[in-house]
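Shown below, as structure tokens, is a lone chain in the form predicted on its own; questions about how it binds or moves come after it.
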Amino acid sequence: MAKLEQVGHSRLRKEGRAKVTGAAIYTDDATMPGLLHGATVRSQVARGRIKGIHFGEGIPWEDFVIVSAKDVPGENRVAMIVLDQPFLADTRVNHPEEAILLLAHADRVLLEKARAAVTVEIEEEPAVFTIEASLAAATVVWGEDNVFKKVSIRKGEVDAAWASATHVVEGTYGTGAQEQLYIEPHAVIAKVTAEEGVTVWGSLQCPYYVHKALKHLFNEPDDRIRVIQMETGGGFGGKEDYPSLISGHAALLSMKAGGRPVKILYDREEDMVATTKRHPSKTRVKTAFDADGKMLGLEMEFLLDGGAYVTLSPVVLSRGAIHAAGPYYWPAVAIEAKALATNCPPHGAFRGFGAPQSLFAIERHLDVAAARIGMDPVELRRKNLLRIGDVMATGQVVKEAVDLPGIMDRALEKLDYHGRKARYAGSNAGTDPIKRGVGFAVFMHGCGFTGGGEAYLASVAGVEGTADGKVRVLAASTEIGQGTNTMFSQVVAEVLRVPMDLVEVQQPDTKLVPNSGPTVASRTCMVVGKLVQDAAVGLKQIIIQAGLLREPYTADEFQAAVAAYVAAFGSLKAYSQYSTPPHIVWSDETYQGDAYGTYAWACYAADVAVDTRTCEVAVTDFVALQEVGRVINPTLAEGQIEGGVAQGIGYALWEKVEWRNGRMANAQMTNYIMATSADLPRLRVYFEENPNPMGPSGAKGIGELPMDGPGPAILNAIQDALGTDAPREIPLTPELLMDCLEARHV
């Protein structure tokens, strides 16, 4: 690869100094004259009809701002994929944390007393809490059959595979809910006035999602809605769609308060019980192999618990279904996927977006299958990994130069997989209660929105010159800790051949930046970064054509040219809009074609120690090797992988949501167990660079990929340690592992 001046180097974070010194302003740091604090009164039952709302004695209710469903000026439904979730419940509730009433007051302490003094009388109705109960549809809680969305993926004749197979292996796999547990809870400030319309400042990922929701809620035109992202302390998908709801609540209170600003800040417990989580899943897998281990057919039923409302479940389901076959060549495939309604709070986006659930099932299943048919799990995969020219489950032809066997071999070599496996086989035969094992997973993750999603968005990004000769990036993509500001700056500085100090990034504000789409789906770098790169090329051409700059030039000459152009013409802006490359063809009706423009590819390998007395599992070594195109910023990229692997280890072993009648019962950081640095091994991160033309300087998406591999790699290592393939569900808590050992389902 050609050496570049900015891209490929570990530049310091653009916002790093402000965050380290405390100068960065988060939503709860902000205050305004006349500020009120808002609170939400919620349902305490899973499903039922609202019979009355009662206000207790001892509270000066006349001093409070009170909002109910009857105060909504426009559409009382959150504008997302389906308009089914109310901002405020009117006649009925469908989950235990449903918002019913909003309160606001200047005194936070009195506000909490008032919230506790409100009683909502609800006539309870039968509720549904599990995937199995929802699928059975004995009680229907949404639509006609509890099904939010169905996806079918077909390739070849899968029924013929069973007749010709030497080995047919079946298994059922499960994954639990997972809390995003970002450092900063949900927080927004809203101000609604007749003069300026609706303005919201908040901790959020997707300003234009919130903009759309507020537009419908208030029945106002685009230019009367303004959404400004504040400094955001993490998101991981949890701040993709939920900010639309909490922003609407704050804005309704401000409207009722006559234009006074209202801040709503969740504490940790409310944030955990009320907001979205990763979808729990159940997956049934049936596979056919010939005598040599070649794959003949895959049949899969992939089910997601969507919670009480649709939110983002259809696209989470789509992504999970498309990834379900893994990075393998299956001659025949039949995947049936459903997102189902329950009376839990709605589940939503979480890093990985459906793929961690389905990839866990297929990668765990392949180790189960290898044991059943007597093959080395490495060789079983080697025989079947996708190669150039192979046709994937959706009919997409692999066209990029991917070396999956090489990626797998290099990852296993870094771990010393074969050497350790041989050594552990001997030591595990002894009396030591600590059993050791190694395991791995090979997987991929699509970059950008699925299928026609990017074409539908038609995202726009731009750059502008400033009066002092600098260049400012204009995009709605948010910095939420992943390095967006730094990456954009490196991309633009590379194009313009100037220092990064000459590049600024506009804080996302729907009044100032175009709609470049949401900050999700591993699209910020590859899709929006490419638009920013193209816009920077356009800006340079404008000042060259104006006769103010000649190639080659120095940074000082460029800065002077930008300043001169702005002084002469008043504005210097260039934009780029996404258009689908002609070789990408996709059908949302048949789920056939090019599901993604490109994929990131990986193999993760884990070493574990299992204490058979306590059933505790320790991950003692971990290798994460991935091909993600060109790496823009090695330090930030490595941090992305390390953070994702840490979340993945927690997902695999500890992060269990305890449900009680649809409510999260362990909504504190003392009893929802997440990984700390003391619980993690050294995470060894490696990159294979293979530039792809769809991304800036050849970069692909990276953010979601590391969630997909840890779960199956760790459970495959546990199978190796214990000699039983029974563990097929995550999180694999000590209690669940104890059940597996006692049952010894071999």
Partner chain sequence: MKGDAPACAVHTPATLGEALAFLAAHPDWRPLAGGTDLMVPFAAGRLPDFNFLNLDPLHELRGIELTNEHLTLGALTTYSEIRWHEGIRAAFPNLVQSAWVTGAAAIQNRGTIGGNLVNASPAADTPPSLLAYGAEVELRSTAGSRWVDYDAFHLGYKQTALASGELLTRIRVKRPVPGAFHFYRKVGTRKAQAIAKVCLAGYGRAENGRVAEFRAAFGAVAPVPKRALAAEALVLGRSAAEVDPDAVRAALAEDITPIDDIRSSAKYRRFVSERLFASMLKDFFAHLG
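Residue numbers count along the first chain shown, from 1. Every value quoted in this text rests on a predicted model; they were computed, and no experiment measured them.
Although not depicted, the form predicted in complex with the partner chain is the subject of the following passage.
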property: Contact flag, residue 611 vs the partner chain in the predicted bound form, heavy atom cut 4.5 Å; result: yes
property: The partner chain contact at residue 5 in the predicted bound form, heavy atom, 4.5 Å; result: no
property: Contact flag, residue 91 vs the partner chain in the predicted bound form, heavy atom cut 4.5 Å; result: no
property: Heavy atom of residue 723 within 4.5 Å of the partner chain in the predicted bound form; result: no
property: The partner chain: the contacting residue among 336, 121, 616, 556 in the predicted bound form [heavy atom, 4.5 Å]; result: 616
property: Contact residue in the predicted bound form, from 674, 537, 160, 106 (heavy atom within 4.5 Å of the partner chain); result: 674
property: Residue stretch of 363-371, 409-417, 507-515, 663-671 approaching the partner chain in the predicted bound form, non-hydrogen atom distance within 4.5 Å; result: 663-671
property: Interface residues of 91-113 toward the partner chain, as seen in the predicted bound form [heavy atoms, 4.5 Å]; result: 109, 112, 113
